[in-house]
Ligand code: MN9
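Take a look at this single chain, the form predicted on its own, given in structure tokens.
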Amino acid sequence: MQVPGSIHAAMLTPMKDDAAIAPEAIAPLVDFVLARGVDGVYVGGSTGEAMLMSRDERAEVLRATADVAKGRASLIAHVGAASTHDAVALARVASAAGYDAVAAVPPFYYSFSFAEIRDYYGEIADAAGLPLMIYNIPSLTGVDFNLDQLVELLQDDRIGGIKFTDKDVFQFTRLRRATPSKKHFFGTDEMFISAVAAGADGGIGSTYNLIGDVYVGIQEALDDGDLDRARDLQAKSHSLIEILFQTGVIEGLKYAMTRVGVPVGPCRRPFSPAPREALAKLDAWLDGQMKRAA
């Protein structure tokens, strides 16, 4: 079972000023993101603040995004949760809504055994009836799979691939070599050029909301053997990410999207507003991009 597409934006979740979900703002966001040339959207993940939402809210976002994006792009629903019960319920929502694949972080907070995590993934895959992608992001989940564990998970016929969000390109390369029939997506935006050079099948990232064309361009440039262009595009990504590390990645991206005419509202607490001095740097970066595009 294969996960479709190559370059996917890890979607932000639009919210109202009171931090309630703003489903009416999803269509303009999807339009903007797809206009950057990405293959698809990855909905309900870390960038989407999913772990700050109830299960019903997450289901609402999955359905609302499918309503406006289905048939226009490949759709991946992130359904991972601390509870197998919740993850399975969301997997069924994604399947009914017409998603092409589902993804899931491992269950977190408690120290589950590898056998328990493997069973969790099996139940999600069975409930969805769709290709399942392992979402490996140890910095946030606290679950740090070793290579043998990742290989074992990907050898399951129900598993279509992995979203690998870590800086260990060595492990990523070894995993790709050990499981060549699966799709290997990279999720650390600032290292995308390295991952593509190592054989990544694509990328899924936060900054793709704003500059998805940059990552499409990096992949195309490396496919064409144009290393200088790929480096220039990755440098553009770096110039943005350096500022987002000061604003907070999600906070800064939401501010930037609203400023370019795609209102997505604030982040949900306990996120706090970005520092003003960092936002001033982001304003200058956005103004510079607009001048170059003029």
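This one's a predicted model, so the numbers in the text were calculated from it and none came from an experiment. Counting begins at 1, following the sequence as shown.
Omitted here: the form predicted together with the named molecule. The next part is about that form.
Across the proposed site, 46, 163 and 241 without exception bring a heavy atom within 4.5 Å of the named molecule in the predicted bound form.
The shortest heavy atom separation between residue 210 and the named molecule in the predicted bound form exceeds 4.5 Å. Contact between residue 205 and the named molecule in the predicted bound form is found at the 4.5 Å heavy atom cutoff. At least one heavy atom of residue 188 is located within 4.5 Å of the named molecule in the predicted bound form.
Remark: residue 135 counts among the residues lining the named molecule in the predicted bound form, judged by a heavy atom distance of 4.5 Å or less. Judged by heavy atoms within 4.5 Å of the named molecule in the predicted bound form, the contact stretch among the candidates 216-224, 137-145, 177-185, 69-77 is 137-145. Screening 34, 51, 249, 27 for any heavy atom within 4.5 Å of the named molecule in the predicted bound form leaves a single hit, 249.
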